[in-house]
Ligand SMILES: NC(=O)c1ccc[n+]([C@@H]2O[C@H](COP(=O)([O-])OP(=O)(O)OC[C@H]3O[C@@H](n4cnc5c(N)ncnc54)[C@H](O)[C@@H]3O)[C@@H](O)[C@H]2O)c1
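Encoded as structure tokens, the following chain is the form predicted alone, with no partner shown.
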Amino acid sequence: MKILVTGIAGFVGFYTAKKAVDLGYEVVGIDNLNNYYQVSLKEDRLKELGLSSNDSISDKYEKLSFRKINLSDDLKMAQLFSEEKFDIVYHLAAQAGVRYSIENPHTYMKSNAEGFLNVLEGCRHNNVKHLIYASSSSVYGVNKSVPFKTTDPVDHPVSLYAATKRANELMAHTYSHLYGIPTTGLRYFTVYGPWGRPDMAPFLFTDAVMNDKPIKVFNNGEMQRDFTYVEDIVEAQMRLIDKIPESGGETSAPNTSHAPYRIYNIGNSSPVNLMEFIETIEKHTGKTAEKVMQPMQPGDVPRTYADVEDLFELVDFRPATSLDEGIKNFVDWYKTYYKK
């Protein structure tokens, strides 16, 4: 089978493409290499896959290639789908970041809404067997019920980023209903690990501690996150390839449908207090963080906690990486990559 991975130079896309070629699939990756964070990190992820930052064929993996394409370019996206005839699509590209969406709203609509529409249109016109796409735990907003369940209401997002991710879920359902496209949406819960994004807490905290700079601790440390190791995420989502949704689901539940449409949480289901998280980073860096307590930031939420029972029963896999092991792996990578 041939797989498209959008956002291949991104964090999860990089791991997904590597896992897919290791399993023997033919993979085409696309990315626009935007400068939301340093492009050099994205280029180095591509180099790890034997790819260059221009259209290229991997010199490490026989069945891996890269195309530099912007998701919002409808003509190039249509051409890509028409030429390649993908069987499976992993749509992992998006303009990420909750706080950045407050400052740059138009960027999110172009990438996350228009870009996703082009992916759906490509699937529609080229008989894609299964579209698996990244949603986000941010769709739950300030949900008071824990753990977060895919049957919970998600009608009150508190950031534009969250609103675009919820819009993706609704758009997917529309195409599943109208055109019978099997779609599976995955609500990610705070993914971390080596090669992680520089705008995420694991990277920000580690970088600050290693460079003797203070860290900002939002909501005065009274926050919990369902930190999930990247390889656990990728293992679970790769097992979904042949778990293709069928028509005839429960019509009254928001996570399923009469159409071939499903929504799952994908997380560790074990929230960690922010202060414990910082202590784990201190342990593996061997340094003490200077903490600057800050109020809650606009668009942020105090806690995330995933109910993942339905997904892990489906794919027969549960996350196995402890926070201690995951943070150690990340810190080791950071020290190697930045020669610390």
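All of these numbers come straight from a predicted model, not from anything done at the bench. Residue numbers here begin at 1 and follow the sequence given.
Unshown form predicted together with this ligand; subsequent notes refer to it.
Q: For the three residues G13, L92 and S135, verify that every one has a non-hydrogen atom within 4.5 Å of this ligand in the predicted bound form; reply yes or no.
A: Yes: each residue has a heavy atom within 4.5 Å of the partner.
Q: Please determine, with the chain shown alone, which of 192-200, 121-129, 253-261, 81-89 has non-hydrogen atoms within 4.5 Å of this ligand in the predicted bound form.
A: Flagged stretch: 192-200.
Q: Taking heavy atoms only, is N54 within 4.5 angstroms of this ligand in the predicted bound form?
A: It does not: once this ligand is placed as it appears in the predicted bound form, N54 has no heavy atom within 4.5 Å of it.
Q: In the predicted bound form, is there a heavy atom of this ligand that lies within 4.5 Å of any heavy atom of A96, even though the partner is absent here?
A: Yes, A96 lies within 4.5 Å of this ligand in the predicted bound form.
Q: Is A289 part of the interface with this ligand in the predicted bound form - any heavy atom within 4.5 Å?
A: Close contact is absent here: in the predicted bound form, A289 is far from this ligand, nothing within 4.5 Å, heavy atoms only.
Q: Given that this ligand is not shown alongside this chain, does F148 nevertheless sit within 4.5 Å of it in the predicted bound form, heavy atom to heavy atom?
A: Looking in the predicted bound form, residue contacts with this ligand do not include F148, since no heavy atom lies within 4.5 Å.
Q: Taking this ligand in the predicted bound form as the reference, which of L71, I181, A162, V234 has a non-hydrogen atom within 4.5 Å?
A: That would be L71.
Q: Where, within 24-62, is there a heavy atom within 4.5 Å of this ligand in the predicted bound form? Residue list please.
A: The stretch 24-62, when checked against this ligand in the predicted bound form, contributes D31, N32, L33, N34, Y37, K42, R45 at the 4.5 Å heavy-atom cut-off.
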